[in-house]
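To begin, one chain is listed below as structure tokens, in the form predicted on its own.
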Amino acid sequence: MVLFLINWKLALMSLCILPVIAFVALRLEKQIGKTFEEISDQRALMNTTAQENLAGVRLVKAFGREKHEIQKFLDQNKENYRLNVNQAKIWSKHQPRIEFLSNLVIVLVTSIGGFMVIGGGLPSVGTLVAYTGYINMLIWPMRMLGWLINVLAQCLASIKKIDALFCEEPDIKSPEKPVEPEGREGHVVFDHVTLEANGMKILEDICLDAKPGSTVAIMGATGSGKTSIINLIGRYYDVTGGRVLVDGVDVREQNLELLRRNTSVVMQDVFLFSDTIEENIRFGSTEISQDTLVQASKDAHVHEFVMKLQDGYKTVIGERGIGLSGGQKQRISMARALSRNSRVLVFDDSTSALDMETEHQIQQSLESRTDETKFIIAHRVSAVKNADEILFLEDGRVLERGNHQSLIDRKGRYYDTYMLQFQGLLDIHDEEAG
């Protein structure tokens, strides 16, 4: 408005160039925005590769793949370089145009305004200086527009990734009006359960009644559906047929947080945080007393080796438990689950890295915990032989079920597994008896 009050002709001339600057800036934003998205994706890929190589440095060295991994990272870095060069080319193509047009306005105003002062179109040189100052105030943001768009494009590329994460909704949610059991006892029932995924049947017609305090063991070949069964207890998946009841209530009707709070799981893939041993055990709950923590550690046979460490429970372990043996990591993971005092305990092949003696000692400790219902997945007969009921799965169905002795007498798949694992010991026993 001030520009038009001073001289409407100069104002019109100046404002005619501003839409051209805006047009160039919009083209810059459209082209450079796409490039920054590609750069963001490429950097994420590079960071993933670097993180995996650092975390799996032992595996890389063990297989002599250092050169391969270095070359893979260099190839990704070259692609990152190419994308950044492309971004620089787009910037160098449009930014000079914005600068030229912005400066052109100043040149035209000064030149034409000077002739107008000489010809009497403007009252004085002071009026021209004032007009030039005002036009500078208008042009400066336009000159900065290219730089702002460059920064904004980077921000938008990152915001899209962050927004995509925030917009993700879990498929498994608590119902709006959850139904809670009258009491938490650990009674788990599988009522003709079927589970399908991607058109494939993972579990079919699974029936199971685990009484409070009982121990149920699950065996079977790899891919037979063992882990899928226990994942249904904590409702990590929803059944496609039948129902899973915990303490008399379908898990789909229960509050998800409370259901999982009363179910402790020892995962097959042990994960430990880069923190102290104590904090890793306390991860299951912030309300664990020191006595409970120590007792759980003793039951999992963690206490013995921890007390030999210089800092005891305050010993800081590396990411994913680096520096500990596989058996030590499994035992800490078991202590974490036991310390919660949940009514349902799930052990997914959690003793695979333990020696037979330690495994036996932990089994005795678990047997003394009669208040919890225990589900044990294992490949070794020694880990399941004392269970109240053993399920042997094949292709997602229960092929055999019973206790250890009844399955041995049946001479089926469980018996074959037993003979394969204990044949050497049986031969020695027969030789000594002979």
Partner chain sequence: MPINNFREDEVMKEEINFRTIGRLFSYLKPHLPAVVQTLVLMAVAISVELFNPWFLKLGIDKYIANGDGKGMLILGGIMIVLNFGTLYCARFRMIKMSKVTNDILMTIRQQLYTHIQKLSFSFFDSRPVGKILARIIGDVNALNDLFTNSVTSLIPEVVKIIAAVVIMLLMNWRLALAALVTLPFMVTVMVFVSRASHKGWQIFRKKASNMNAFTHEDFSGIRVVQSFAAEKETSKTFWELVTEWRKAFISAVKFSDFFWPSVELSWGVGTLVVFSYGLVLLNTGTITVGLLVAFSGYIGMFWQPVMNISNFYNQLVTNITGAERIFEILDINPEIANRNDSAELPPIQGNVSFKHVNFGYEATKPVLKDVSFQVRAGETIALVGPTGVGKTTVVNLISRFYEAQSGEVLIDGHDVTKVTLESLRSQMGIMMQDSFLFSGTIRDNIRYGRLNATDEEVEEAAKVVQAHEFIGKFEKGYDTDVNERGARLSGGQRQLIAFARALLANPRILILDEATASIDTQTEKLVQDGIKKLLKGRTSFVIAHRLSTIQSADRIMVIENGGISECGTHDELMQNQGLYWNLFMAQFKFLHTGEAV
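Residue numbers count along the first chain shown, from 1. Worth saying up front: this structure is predicted, and the values here are computed from it rather than measured. Only the largest set of C-alpha atoms that superpose within 1.5 Å between the two forms is called the rigid core.
Not on display, but discussed next: the form predicted together with the partner chain.
Enquirer: In the model of the complex, which of the stretches 323-331, 242-250, 184-192, 289-297 has residues with heavy atoms within 4.5 Å of the partner chain?
Expert: Of the options, only 323-331 has residues within 4.5 Å of the partner.
Enquirer: Using the partner position in the model of the complex, report whether Asp355 sits within 4.5 Å of the partner chain, counting heavy atoms only.
Expert: Close contact exists here: in the model of the complex, Asp355 approaches the partner chain to within 4.5 Å, heavy atoms only.
Enquirer: Within a 4.5 Å heavy atom cut-off, is Lys30 in contact with the partner chain in the model of the complex?
Expert: Close contact is absent here: in the model of the complex, Lys30 is far from the partner chain, nothing within 4.5 Å, heavy atoms only.
Enquirer: Would you classify Asp41 as touching the partner chain in the model of the complex, given a 4.5 Å non-hydrogen atom cut-off?
Expert: Close contact is absent here: in the model of the complex, Asp41 is far from the partner chain, nothing within 4.5 Å, heavy atoms only.
Enquirer: With the partner left out here, check for me: in the model of the complex, does some heavy atom of Leu399 sit within 4.5 Å of the partner chain?
Expert: Heavy-atom contact with the partner chain at 4.5 Å: absent for Leu399.
Enquirer: Considering Asp238, Asp163, Glu319, Glu180, which brings a non-hydrogen atom within 4.5 Å of the partner chain in the model of the complex?
Expert: When the partner chain is considered in the model of the complex, the option within 4.5 Å is Glu319.
Enquirer: Across 71-103, which residues bring a heavy atom to within 4.5 Å of the partner chain in the model of the complex?
Expert: Heavy-atom contacts to the partner chain in the model of the complex: Phe73, Leu74, Asn77, Lys78, Asn80, Tyr81, Asn84, Val85, Ala88, Lys89, Trp91, Ser92, Lys93, Gln95, Pro96, Arg97, Phe100, Asn103.
Enquirer: Does Met307 show a Cα shift reaching 2 Å between the shown form and the other one after rigid-core superposition?
Expert: Where the cores coincide, Met307 shows only a C-alpha shift between the shown form and the other one that is less than 2 Å.
Enquirer: Using a rigid core alignment, state whether the CA of Cys207 is displaced by 2 Å or more between the shown form and the other one.
Expert: No; that C-alpha moves by less than 2 Å between the shown form and the other one.
Enquirer: Given a superposition on the rigid core, I'd like a yes or no on whether Ile172 shifts its C-alpha by 2 Å or more between the shown form and the other one.
Expert: For Ile172, whose C-alpha is compared between the shown form and the other one after core superposition, the shift is less than 2 Å.
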